[in-house]
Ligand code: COA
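Quick heads-up: it's one chain on its own, the form predicted alone, in structure tokens.
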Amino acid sequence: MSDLILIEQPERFAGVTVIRFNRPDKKNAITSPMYRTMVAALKAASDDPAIRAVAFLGSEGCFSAGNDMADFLAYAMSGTTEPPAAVDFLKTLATFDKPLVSGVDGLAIGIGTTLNLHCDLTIASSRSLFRTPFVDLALVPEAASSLLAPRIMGHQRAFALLVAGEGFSAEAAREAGLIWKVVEAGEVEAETLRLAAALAAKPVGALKIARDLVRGNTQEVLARMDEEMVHFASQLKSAEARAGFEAFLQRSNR
């Protein structure tokens, strides 16, 4: 499964680790092993003093369609009391101690949207679409998005995104503060890596202090993640969610 997440350290961009979604045939839908690969990559980047920034990238036309639905269905039917694999990833992401940037081209659905709330800078192509159809799948917001999105976007836009399931174009996402800059599709990767390398070149101590001050209280974010996940895990196992996953998979297999 490791080839579905590529971990790269481009020579031209010193001090940067790239975590790249590499499952284009499934629109970069994320499975449990993919989450575990990303956790390991983030921990390795945190422990390596030579790595000073991490960049998330997808494939052409798709950042990530979110969690793999077959994975969700398997979890729902497993009877396990263990939290979904996404939980460890999200907590690792929220507590990561170096700059995080992301480059979105095309679809950013579910966690493909909410992981950007934990990035310090996000670049998106003009053809990108951000959407979180949680309630449509009988689920609830995750990644502390119910805390972070209203702070960034205000109640009405956060409600439209997280509850109503409305899609946001790249320009609407920029206006809402969800992302920083919109560029053309062919420029996303280069601009994202340029930003990551620029951050990696800054004085380490001052950058960390400034970043921590801007990001604020991590414990509050982790507490909201825990609160959300109680409801999320419960809803994952609900009959209405299972029916939604099965219907989605049937449509996908046609």
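Remember, it's a predicted structure, so these values are computed and weren't measured experimentally. Just count from 1 along the sequence shown to find any residue number.
Heads up, the form predicted in complex with the named molecule isn't pictured, but that's what we're talking about next.
Heavy atoms within 4.5 Å of the named molecule in the predicted complex map, among the stretches 134 to 142, 177 to 185, 158 to 166, 85 to 93, onto 134 to 142 alone. Proximity of Met34 to the named molecule in the predicted complex: non-hydrogen atoms within 4.5 Å are absent; the residue sits far from the partner.
With a 4.5 Å cutoff on heavy atoms, Lys26 counts as touching the named molecule in the predicted complex. None of the heavy atoms of Thr192 is located within 4.5 Å of the named molecule in the predicted complex.
In the predicted complex, the named molecule stays beyond 4.5 Å of every heavy atom belonging to Gly58. Note on contacts: among Leu147, Leu107, Leu100, Leu117, the single residue with a heavy atom within 4.5 Å of the named molecule in the predicted complex is Leu107.
Contacts to the named molecule in the predicted complex (heavy atom within 4.5 Å) from stretch 142 to 176: none.
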